[in-house]
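Next up: a single chain in structure tokens, the form predicted on its own.
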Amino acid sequence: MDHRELIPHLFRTEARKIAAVLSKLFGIGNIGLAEDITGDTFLAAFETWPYKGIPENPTAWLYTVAKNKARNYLKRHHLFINTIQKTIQSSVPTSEEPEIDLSEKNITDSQLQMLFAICHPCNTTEGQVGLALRILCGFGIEEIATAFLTNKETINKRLLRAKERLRAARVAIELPPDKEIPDRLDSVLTTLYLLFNEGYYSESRDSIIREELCLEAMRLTYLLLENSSTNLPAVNGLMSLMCFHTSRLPARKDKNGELVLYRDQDEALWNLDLISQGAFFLRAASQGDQISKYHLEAAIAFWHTQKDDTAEKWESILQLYNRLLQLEYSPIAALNRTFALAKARTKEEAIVEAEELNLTGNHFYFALLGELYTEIDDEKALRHFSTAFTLAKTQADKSTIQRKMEGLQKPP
């Protein structure tokens, strides 16, 4: 691997670690500075390695350069040290240089603390997800824009506003006290859940970014599991859900990038190790007497890793959706429930409940109605599929709906 491949790879794996440690050192108001020093570190690699060769230990080289650049900045800006002393938890006198600790333990601790800081309630959900992608996942602005189907200018403004909110609230980059963790954990899990869903249900055409979003969400969730204070049932439930869904990711699209419906997926492509891990985390989530939406969604996802089309399976999924909707109502969950109802009971029952949802701006709603009316009233099914085709945003979804329409159209 030459420097043109190695440096981008290291940027993805190491930049987030350096940025998290430096952000913790400089304080929440100086995240931009931490990002600048991190970027300058990798720029130095691009300028040096092509001529002097790749260092024996590239990661250690990057860490050393990052430390030196941070120290040099502090030496050039003596007044800045006083600001740092007010914003970081440090007993180091202002006459001494703050320690820049890039040990594995401090990197892990800093990333976990940064996760809680980013997900502070003062921030919007969009801001939380955007900063998580940028600072904790190492995604570039263009990659984030691609993931959210928008432009770089919009993402830049979103990130700036998010940083300003954290700065104004003087959010500390630290793990909350144990008694506050359950309340603060809600927004953290919501951010990780949305980050994962952005990958799993992404409308982006970039399959690499799509899969990486899922893996990054899982990596950050695992940080919570590694810490005894945050290794709680809901976190295990979320990790279980992610494992079950990711296990089927390779089978959800064909070689042309088109969506493969669940019943047509090749079970041989499912990752059995991830299914096994999902079961492990689901068992861990069963400790205690509280149940979260992550528990229920993980259980639903488990049944979807059982390919046998049995009445027991769909009745179990239906009952889990009933409990989920009682716990936290969601139009999409209600829509998915009607499909389970059709499989467990009858299409006619499902049609009645689906039409009551009246989700007229959602192409999945009309696609589902098309499915339910197929073989009952094919003409009506075709009209619903046609509406779904018009509303669908991606070519992959349009192609899937088009095949359904073609199957219903009778030859002349």
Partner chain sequence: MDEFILIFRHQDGNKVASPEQIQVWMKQTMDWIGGIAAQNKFAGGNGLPFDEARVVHHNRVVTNGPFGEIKETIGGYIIVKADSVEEAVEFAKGCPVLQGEGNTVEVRRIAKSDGTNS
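Every value quoted in this text rests on a predicted model; they were computed, and no experiment measured them. Residue numbers count along the first chain shown, from 1.
Below, we refer to the form predicted in complex with its partner chain, which is not included among the displayed structures.
Highlighted residues D40, Y51 and K67: none comes within 4.5 Å of its partner chain in the predicted bound form, counting any heavy atom. Under a 4.5 angstroms non-hydrogen atom cutoff, its partner chain in the predicted bound form lacks K152 among its neighbouring residues.
For R134, no non-hydrogen atom is located within 4.5 Å of its partner chain in the predicted bound form, even though that partner is not displayed. R71 falls outside the set of residues with a heavy atom inside 4.5 Å of its partner chain in the predicted bound form. Its partner chain is not drawn, but in the predicted bound form it has no heavy atom within 4.5 Å of E375. Figure note: of the listed segments 140-148, 299-307, 187-195, 318-326, the one touching its partner chain in the predicted bound form, with heavy atoms no more than 4.5 Å away, is 318-326. The partner is absent here; in the predicted bound form, the one residue of L274, V171, A334, V260 having a heavy atom within 4.5 Å of its partner chain is A334. Among the residues L382, A45, L357, I351, the one placing a heavy atom within 4.5 Å of its partner chain in the predicted bound form is L357.
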